Structure formats: C-alpha cells, structure tokens
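A single chain comes next, written as structure tokens; it is the form predicted alone.
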C-alpha cells in the first residue's frame, strides 16, 4: 500500500513540475499587467512543437534543442505582447481577454496548418531506463522522469533568483507593485513587460518539451493544460511565483490520486471543485495577497 502511494506521489511530482512551468507564465503576466493571458496555454503548445521540429527536422539533441526552443518561444511571446497586447493596456479588461482568446485560436489553427491535426511524439532524448533501487520495491521510476523533475526545479530556482536577485527582477517587482510610479524612477515599462512575456513563454516551452517527452502533443493540447495551469496559479495565489509552484503540485496531486483511487472521469470535476472551494475560503489563493487600493 505504501509503495503504491509513493508511486503516485512520484507521478504527481512529475506532472506538477510541468504544470508549474506553465503556471509561472500566468502568474508573472498577471503580477505585472493584472491581465490573464489566456493564450499562454497555446504558447506552451507552440513551444512543444518548436522542440518537436528542432528534434525531428534538424536532429538537435535535447541539450541544444531545449534552450533553442525556449529562446524561440520567448521571441514568440514578445512578438505577441508587442502586436496584440501593448496597444490595449489602457483599454477595458474585456478587450484584453477577447484579444488573448483570439491569439490562442490563431496559434492553434496556425500550428495545425503547419504540422497537421494528428498527434505527434517527441523523440525520446532522455534515458528511459528504470531506476533499479525503486524497482525492487515495485515502484516504477525511470531516469527520464527524474531528469524532467530535476531540470524543472532548476529552472524554477533560476527564475526565483532572477526575480529576487537581479536589477531586472527588482524592476519587475516594482512595476508589479506600482506601475504608475516606476517611470518616474527611470524604469522602462515596455522593456520590463517584454522580459516578463519572454521569461514566461520560455518556461512554458520547457514545460511543453518535458510534457512531450512523456505524452503525445497536438495543436489543441494547450487548451486543457492551459486551464489546469491557470487553476494552479489561482489556487496558489496568482501573482505569486511561490504560490504558482505550490498550486501546481497540489493540483497534480489531486488529479493523480483521483485517477488512482476514484475515477479518471472525476479528475477535471474535482480539480475545478477544488478551485471553487478554495476561492470561497481564500479568495486570494493560498499565498496570494489582497490588492490594496489607495484613495
């Protein structure tokens, strides 16, 4: 019994790492712009397909394909912000929401036009052998999943250091705190927002590639996984980096144990039910802070 629980916990950690990489993009953009980028799930999908093309058409190994896909997806995020969102910053919030949804639909159809609607499988570029120490306890743990978890945690740690220990990170936190005052301090808001979109998109690309190493990818994968990551960000407290990571692992744990001990048909219902209950108890999420309006 205990070994079965350990197996499910390991599965939850791996899935939670992917959710966290996507959720960080949601929470960073919201923290800076107070905007929900509903196209972010489709940016995650584009990152997965960019990695797929780099691996299959050019034949790049993972250690080259991953950073290149992250850079190209970061560029995509910056382009989307510049073309679709920048002129709407002072518009009504509904205009931004509709635009984000439109961007997502465009990305889905563009990728489908380029690669077709069929599901694809990223080439297995991580060692898939079983870790024998776990296997002797009837726990199936493979080295590729361990590497996915390790690399994901390293990326999250690098993001935390970037936000909390660099000048650009300080600027990002200042803009999140009061974007009306920071221009008086010489901070270029456009640059900060562009970097925010670039970093969030790059992390989403890494999540897409890691997801593609374990599962299949398709042009519509960003819809379901994007919503899951958004739920994770809200559960943890949208706008909080630590909260997004915490919410991602909590959500993945709920999903994995629901499938293992109840039914896969209840997975989404319980996930959204958890969101509703949590928002009733803590409207700002587990680690979120209430927004104070100064008068």
Partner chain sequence: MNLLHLEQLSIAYGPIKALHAINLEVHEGEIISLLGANGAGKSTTLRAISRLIPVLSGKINYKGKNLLEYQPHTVVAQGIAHVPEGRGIFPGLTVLQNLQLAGWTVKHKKQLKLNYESVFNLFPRLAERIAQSAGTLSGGEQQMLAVARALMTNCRLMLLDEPSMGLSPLLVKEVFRVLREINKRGTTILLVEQNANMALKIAHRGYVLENGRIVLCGSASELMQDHRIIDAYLGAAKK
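Just so we're clear, the structure is a prediction, and the values are computed from it rather than from any experiment. Positions refer to the first chain, counted from 1.
If you look for the form predicted together with the partner chain, you will not find it shown, but the lines that follow are about it.
Among 185, 114, 94, 154, which has at least one heavy atom within 4.5 Å of the partner chain in the model of the complex?
Among 185, 114, 94, 154, a heavy atom within 4.5 Å of the partner chain in the model of the complex occurs only for 185.
Which listed residue (173, 89, 82, 120) meets the criterion of a heavy atom within 4.5 Å of the partner chain in the model of the complex?
Comparing distances to the partner chain in the model of the complex, the residue within 4.5 Å is 173.
My question is simply whether residue 177 lines the interface with the partner chain in the model of the complex - judged by any non-hydrogen atom within 4.5 Å.
Yes, residue 177 sits close enough to the partner chain in the model of the complex that at least one of its heavy atoms falls within 4.5 Å.
How about residue 150: is it within 4.5 Å of the partner chain in the model of the complex, going by heavy atoms?
No, residue 150 stays farther than 4.5 Å from the partner chain in the model of the complex.
Does residue 168 make contact with the partner chain in the model of the complex, using a 4.5 Å heavy atom cut-off?
Because a heavy atom of residue 168 falls inside 4.5 Å of the partner chain in the model of the complex, the answer is yes.
Is residue 181 close to the partner chain in the model of the complex, meaning a heavy atom pair under 4.5 Å apart or at it?
Result yes; residue 181 sits at the interface with the partner chain in the model of the complex.
Could you tell me which stretch in 123-131, 102-110, 206-214, 160-168 has residues with non-hydrogen atoms within 4.5 Å of the partner chain in the model of the complex?
One stretch meets the cut-off, namely 160-168.
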